[in-house]
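First comes one chain, alone, set out as structure tokens in the form predicted alone.
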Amino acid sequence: MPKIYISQKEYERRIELVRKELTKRKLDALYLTSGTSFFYLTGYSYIPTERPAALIIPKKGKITFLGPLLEKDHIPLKTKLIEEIKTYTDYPGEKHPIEHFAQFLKEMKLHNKRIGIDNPAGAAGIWGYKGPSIKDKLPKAKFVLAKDIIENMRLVKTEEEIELIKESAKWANLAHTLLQEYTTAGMWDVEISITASYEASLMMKKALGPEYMPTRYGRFPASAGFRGQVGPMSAIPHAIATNRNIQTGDVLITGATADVGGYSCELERTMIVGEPSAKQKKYFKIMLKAQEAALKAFKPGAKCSDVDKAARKVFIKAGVEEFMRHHTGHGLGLEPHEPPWLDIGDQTVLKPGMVLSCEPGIYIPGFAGFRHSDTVLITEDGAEVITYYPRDLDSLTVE
């Protein structure tokens, strides 16, 4: 049976690493406001809203959740690692949540200690945080910015994380196969996406069994689509939608992924409907050559900037530098975009266990865009491309 969740043992290992780092930095606790960090350390995933929440990892003592009452019954269903739950009724409330948080920290005897924190305000919200900072409410405490503790831990993936990302790649491949199979001139891209994602998700659930369920909010089990990158709109890298149907002669940029234990891969392809024109072939070939150059640059010891430079070199030589709109890729894992960045300005050294996208693209306004994206694992002696959908033009031409 394939792996579909991070093990309890792995979560416990992560918490132990945090506590060792707290000792090293002479901190008494770590105060986190990022929901992704909550999930990374405990397996508890929730829907972020305007309501502030925090997770406290003391050097010694119980891991404690501070947050809205509506999460009280949810947490025990998702994790056994959060041992204490302290809640307020709602936001903004008669008493501001940060006032409650200050009181909770006093109860934990942390009000006069050294606390690492990922957000100086001590709270976050999807509409932006409004209210006093935790520092103002606990003047005797010493808050030290320590956002890098979790960020550094997440850079290099463990064997369990890699297994989940590889499993994601299998289902992304299926979803994309269905997407291409159902792509036809005259159809709305949303209709194709819904059908492919629906069928792939049902197959995924059936294959992985009754224990499987999506782990992160807003994610399909398996999904594939175009996100509006149809015809001339394919030249908009982060398009959202288009109001016209697919036509013969269109360039389509696709995307597919799957949620396995909260982790996901990235698979994107450039497809062409009907016989490709000479102009389409030209730009497709340049894009593919740039991706191949970037893929060859992945290896332990190389810098992120080296990979970006390899793709840029191809684009510059081909005279299409003006059509570049973004860097070559980014880290992958719990989030669709996470550090490090395959950018000319990022000097991060690639290490075995890092997982990144490789997606150099070119975008010709009013005509089309051309981008493949693959998920790449840095290994001890090179790199492994985890996604494996065909990349050649013949395979990606829709009849």
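Every value quoted in this text rests on a predicted model; they were computed, and no experiment measured them. Note that residue numbering begins at 1 and tracks the sequence as displayed.
Quick note: we don't show the form predicted in complex with a further copy of the same chain, though the next part is all about it.
Each of Tyr46, Lys147 and Met213 having a non-hydrogen atom within 4.5 Å of a further copy of the same chain in the predicted complex: is that the case here?
Checked in the predicted complex: all three residues contact a further copy of the same chain.
With heavy atoms only and a cut-off of 4.5 Å, decide whether Asp28 touches a further copy of the same chain in the predicted complex.
No, Asp28 is distant from the partner.
Mark Thr195 yes when one of its heavy atoms lies within 4.5 Å of a heavy atom of a further copy of the same chain in the predicted complex, and no otherwise.
Yes.
Quick one: is Gly231 in contact with a further copy of the same chain in the predicted complex, heavy atoms, 4.5 Å cut-off?
Answer no; every heavy atom of Gly231 is more than 4.5 Å from a further copy of the same chain in the predicted complex.
Looking at the partner-bound form in the predicted complex, is Glu151 within 4.5 Å of a further copy of the same chain by any heavy atom?
Residue-level check for Glu151: yes, a contact with a further copy of the same chain.
Which one of Gly319, Pro139, Gly128, Gly301 is close to a further copy of the same chain in the predicted complex, taking close to mean a heavy atom within 4.5 Å?
That would be Gly128.
Taking 4.5 Å between heavy atoms as the contact cutoff, choose which of Glu191, Glu99, Glu292, Glu107 touches a further copy of the same chain in the predicted complex.
So the residue touching a further copy of the same chain in the predicted complex, by this definition, is Glu191.
Of 99 to 107, 325 to 333, 162 to 170, 270 to 278, which is the one stretch near a further copy of the same chain in the predicted complex, taking non-hydrogen atoms within 4.5 angstroms as near?
That would be stretch 325 to 333.
Across 195 to 209, which residues bring a heavy atom to within 4.5 Å of a further copy of the same chain in the predicted complex?
In sequence order, Thr195, Tyr198, Ser201, Leu202, Lys205 come within 4.5 Å of the partner.
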